[in-house]
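Taking the form predicted alone, here's one chain by itself in structure tokens.
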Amino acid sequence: MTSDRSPVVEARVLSKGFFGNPVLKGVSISLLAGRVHALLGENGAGKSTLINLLSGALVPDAGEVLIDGKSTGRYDPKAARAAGIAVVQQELSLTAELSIAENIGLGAYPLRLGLIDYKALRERAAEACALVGLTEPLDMPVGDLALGRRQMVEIAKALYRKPRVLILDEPTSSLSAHEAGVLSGLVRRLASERVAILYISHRLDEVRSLCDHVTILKDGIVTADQSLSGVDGQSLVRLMVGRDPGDLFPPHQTNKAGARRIAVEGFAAGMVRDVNFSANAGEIVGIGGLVGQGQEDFLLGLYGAIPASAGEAEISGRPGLATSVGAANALGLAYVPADRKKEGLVLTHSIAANLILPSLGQKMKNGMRDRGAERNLIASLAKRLDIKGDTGRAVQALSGGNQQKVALAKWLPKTPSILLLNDPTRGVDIETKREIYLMLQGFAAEGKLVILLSSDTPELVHLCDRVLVFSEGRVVRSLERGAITEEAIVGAAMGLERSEVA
């Protein structure tokens, strides 16, 4: 594939943050006509934010987007579409009740005498469908299609606008092998027709076979921008994960595993299928993989928050799965969600109320709540968390890190034996992260089983005794302590064979 020297779209030193947290830090990227450009990075690297800046969905805090070398000035989705930029997001933007043709043309219907020209719409939609191999009737409601076919409609919708720049975000995540092959052929054809393509995928075999150039983001910074010629999968993984953790992580502790806490065979919940898993007291078991591969469903199913099934199951020495959250709590399970603001805390309530919430009614005296015992418990937890000041103030007044410590510590009075933790250090500062790591090690040393889902791969490497890597709802690799590396985790999540990440 060849390309013009001048970029069709160029981002220059873009920076973007949310609520005081920087996400992109001076990122530059150039998309050239006829070049298939890969964008890679771990979870949270800033890929989605960059896509939204290039498509006008977000406004940068600093830097600018240029089209054909010219500053865009006021840049929004309408201006991006006018410039020929089309985006196929990982999350589909289709309307189930509308037909295939109506979805494809949505927002750009041909008009005749002020009304939609359905004949012209069908003709143009048919052309786009032919490009992606869609043969279903154009008047079929999109809601009647399988997920992979809906994905193809989403791609046809982008092609309907005859883009100069096509951004594909995980385009094959829900496609069959045949559909993925059709898409690969389409990408090559579009590149030969001088379309600039930005391709985001966690499947490195696709990246290496389709793309000419790669930009890699890490923690909001470009760490590599180079040709893909001669670059193997192992090198890409190392470019993605290479970092010096410094002294952030405490030394790993190995606790002698105690009694079996969980054992399931043929476990299924949500998108999770056929997982065999057992774990003992004193272990920290990591759950890794790319976002949205079933890890959260695994935790929620164990916690009884979503329907789950198993051929055989034992929790805390009792047969069967927890069928509700209340039943899970009674079995000694506690769950800390990833979104502390929406699911983990009641922000407008006090620190004290949040700390005591799971234990309401646990401290009783003469059939009434023992307020004195509750105050002592709150003071003890606040001291353990190093939360100074009035615990009567709203928990939303605390920093994100201290909020997360409250979301964790509120379970301690119930003395759970199994902790299910969903990204417990997401969005907290480095100092608090280390405090939480020490808490997790302390839990394991006390004989609790800690199951740690984390999108921060180094956490899994430094804290865990074992790591289960999920992909498409299944455990694709189980790594024991000596084999846990960032390269092994990311490589497994991206479908590389063991030999490629050795």
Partner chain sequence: MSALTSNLYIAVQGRRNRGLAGIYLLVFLLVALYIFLSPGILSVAGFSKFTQNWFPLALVTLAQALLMLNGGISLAIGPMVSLGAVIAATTMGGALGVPGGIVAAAIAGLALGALMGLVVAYLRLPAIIVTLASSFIIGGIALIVLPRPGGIIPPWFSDLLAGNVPTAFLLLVLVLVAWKIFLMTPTGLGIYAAGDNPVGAYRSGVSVDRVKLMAFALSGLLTALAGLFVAAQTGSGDPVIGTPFTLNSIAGAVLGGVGFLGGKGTMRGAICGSLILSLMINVMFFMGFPPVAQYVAQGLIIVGAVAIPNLVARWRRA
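Values in this document were obtained by computation on a predicted structure and should not be read as measured data. Numbering follows the first chain given and starts at 1.
Not pictured, yet referred to below: the form predicted in complex with the partner chain.
Proximity of Glu312 to the partner chain in the predicted complex falls outside the 4.5 Å heavy atom cutoff.
Residue contact check for Ser99: one or more of its heavy atoms lie within 4.5 Å of the partner chain in the predicted complex. Taking the partner from elsewhere, Arg208 is found to have every heavy atom lying beyond 4.5 Å of the partner chain in the predicted complex. The closest heavy atom approach of Ile116 to the partner chain in the predicted complex falls within 4.5 Å. With respect to the partner chain in the predicted complex, the three residues Pro77, Tyr109 and Arg122 uniformly fall within 4.5 angstroms at the level of their nearest heavy atom. Only one segment in the set 210-218, 279-287, 223-231, 77-85 has residues whose heavy atoms sit within 4.5 Å of the partner chain in the predicted complex; it is 77-85. With the partner omitted here, the residue from Ser71, Asn376, Thr415, Ser93 that has a non-hydrogen atom within 4.5 angstroms of the partner chain in the predicted complex is Ser93. Think of it this way: in the predicted complex, the partner chain has a heavy atom of just one of Leu175, Leu248, Val182, Leu138 within 4.5 Å, and the residue is Leu138.
Compared with the form shown here, the Cα atoms of Arg340 and Asn52 move at least 3 Å closer together in the predicted complex.
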